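Subsequent text provides structure tokens for two forms of one protein chain, presented individually as structure 1 and structure 2.
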Structure 1
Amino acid sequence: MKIEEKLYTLRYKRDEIPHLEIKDQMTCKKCEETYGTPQPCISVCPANVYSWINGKIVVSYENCVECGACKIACPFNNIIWKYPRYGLGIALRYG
């Protein structure tokens, strides 16, 4: 089963304001030069939030399962990581 299909099992209320952001795309470029692809944030993410497209990191924050791995994995501390506001984001049933 593809990861995107697995993510369909989650109850999710999207916050219109992204809770994940990249500070500086140039740093991602540097990261790609140093670490190759997939970059650390892409490797650790269980929900395919990050992808490397045309020399840029694209963030699909809607898929985020709020585990916090990416902010730790980023060697340049280049991810602004927040919780979705007002209890939005995922709501688990089993946990």
Structure 2
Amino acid sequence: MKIEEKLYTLRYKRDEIPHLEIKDQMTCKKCEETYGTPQPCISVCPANVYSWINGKIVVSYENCVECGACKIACPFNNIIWKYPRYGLGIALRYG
């Protein structure tokens, strides 16, 4: 099963409060200079939550599958990662 097919089995209940946050955009710029594009957080995210647009990381937290890989991959510990509030976030459709 491809990753896109697996992601289709997820259901989202969007939280109005983002559970992902970038601490400092300048640190992301430093990461881009050091590691190039795509940055580690963009490379490891299976749900394409992060994108690099006009010199800034844009976070589409609504699509997050809550795996936590981005926080681990960030070499500068620049991502604030929390679980969504109770009852919100992802749910498995078939399980």
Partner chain sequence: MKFDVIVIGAGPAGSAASLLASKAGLKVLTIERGPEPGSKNVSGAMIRVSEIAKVFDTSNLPAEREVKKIKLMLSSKNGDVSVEASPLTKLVTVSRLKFDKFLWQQAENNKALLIPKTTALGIEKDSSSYKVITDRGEIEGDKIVLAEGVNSLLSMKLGLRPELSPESTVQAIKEVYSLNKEEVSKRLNLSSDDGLAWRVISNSPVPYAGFLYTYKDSISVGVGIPMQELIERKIRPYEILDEFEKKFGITELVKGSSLREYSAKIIPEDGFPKWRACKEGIYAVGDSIGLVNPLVFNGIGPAIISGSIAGTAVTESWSCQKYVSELYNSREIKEIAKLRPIESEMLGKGYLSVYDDMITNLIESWISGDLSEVSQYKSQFPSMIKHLLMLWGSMI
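Rigid core (definition): largest C-alpha set, two forms, superposition within 1.5 Å. Along the sequence of structure 1, residues get numbers from 1 upward. All of these numbers come straight from a predicted model, not from anything done at the bench.
It is structure 2 that shows the chain in the form predicted alone. After superposition on the rigid core, displacement of the C-alpha of L88 between structures 1 and 2 stays below 2 Å. Here T9 counts as shifted, since its C-alpha moves by at least 2 Å between structures 1 and 2 after the core is aligned.
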